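Shown below, as structure tokens, is a lone chain in the form predicted on its own; questions about how it binds or moves come after it.
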Amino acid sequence: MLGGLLVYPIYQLGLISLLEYTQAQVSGGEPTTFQGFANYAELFADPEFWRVLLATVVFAAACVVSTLAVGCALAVLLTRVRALPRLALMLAALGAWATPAITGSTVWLLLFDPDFGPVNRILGLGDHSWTYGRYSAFFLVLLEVVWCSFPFVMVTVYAGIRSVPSEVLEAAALDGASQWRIWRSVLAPMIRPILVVVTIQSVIWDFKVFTQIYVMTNGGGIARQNLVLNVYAYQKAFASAQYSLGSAIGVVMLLILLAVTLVYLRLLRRQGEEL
């Protein structure tokens, strides 16, 4: 099943990235030509690719850090409140998580609309357009990504915290440890495997964000200022019919995510051996 759903499509992606595959080949009018690594050379020689790659890395890192911070903070909060507020917070968070990305993106655009959105009225910003500037548009998308991603972190980390024996936390509190110290020195080390899972999942999800950027910046922003790799690959493959370049970008993204995941797991394994 994994071979059919994952290995074969990846093989096809890598194969197309080595061919001259344009609309003519898709239509069957001309045979494909083997290009070798010429598509990758063209991609790496394009300054826009490196600009988009840097923007993707910075944006994904900001999303991951923000999502983990909000999710972990609310997970700790769930352990401090009574049953009814806890249930209300869980239902609200799961509602955000269950909302489709295109629906959530549209709602956030309406909230920050320069003419009819309530956010500008509350902040007194008048007709300020959040999607006009590059950084304000990225910030708006970041808010939506965190909003729809933190529930997974919150629920998972909350389950991990509940599995920690209460005697351990009580002993730390009796020793005079602050809440931050309890989290850093007691909870985080004990639920490290769970934190590894949510971190890797967040890295993968946020690095390949597509829907939020495409919907909220209208395909990549003014003058393509808000492009990320996934939207960049879409534009190359389907808007420009350069399927080979789009596939090459997909392969590069896959290799980056695999490298980040393997390095992160290796560092955590080394820290565990030292402890």
Partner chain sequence: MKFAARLAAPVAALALAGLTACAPQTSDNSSSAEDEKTGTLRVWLFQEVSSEPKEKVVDKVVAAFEKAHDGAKVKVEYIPVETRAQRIKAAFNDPKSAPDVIEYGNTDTAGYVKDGGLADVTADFNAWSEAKDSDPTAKTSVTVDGKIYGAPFFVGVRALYYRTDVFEELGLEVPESLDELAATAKQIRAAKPDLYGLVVGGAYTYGAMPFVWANGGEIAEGKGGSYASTIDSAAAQKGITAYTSLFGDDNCPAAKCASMGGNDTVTAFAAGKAGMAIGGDFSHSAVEAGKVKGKYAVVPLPGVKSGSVAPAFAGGNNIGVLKSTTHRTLAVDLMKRLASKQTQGELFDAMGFLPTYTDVRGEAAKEEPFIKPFVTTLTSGTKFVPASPAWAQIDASLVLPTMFQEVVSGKKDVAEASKDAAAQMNDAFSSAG
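All of these numbers come straight from a predicted model, not from anything done at the bench. Residue numbers count along the first chain shown, from 1.
The following text describes the form predicted together with its partner chain, which does not appear among the structures shown.
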* Report yes if any heavy atom of residue 252 sits within 4.5 Å of a heavy atom of its partner chain in the predicted complex; otherwise report no. => no
* Is residue 50 one of the residues lying within 4.5 Å of its partner chain in the predicted complex, judged by heavy atom distances? -> no
* Asked: Would residue 243 count as touching its partner chain in the predicted complex under a 4.5 Å heavy atom rule?
  -> yes
* Heavy atom of residue 19 within 4.5 Å of its partner chain in the predicted complex -> yes
* Specify the contacting stretch among 152-160, 124-132, 176-184, 75-83, defined as having any heavy atom within 4.5 Å of its partner chain in the predicted complex. => 124-132
* **Answer option from 211, 35, 66, 225, heavy atom within 4.5 Å of its partner chain in the predicted complex** => 225
* **Listed residue (26, 54, 41, 61) with a non-hydrogen atom within 4.5 angstroms of its partner chain in the predicted complex** => 26
* Any residue of 1-17 that, in the predicted complex, places a heavy atom within 4.5 Å of its partner chain -> 7, 8, 11, 12, 15, 16
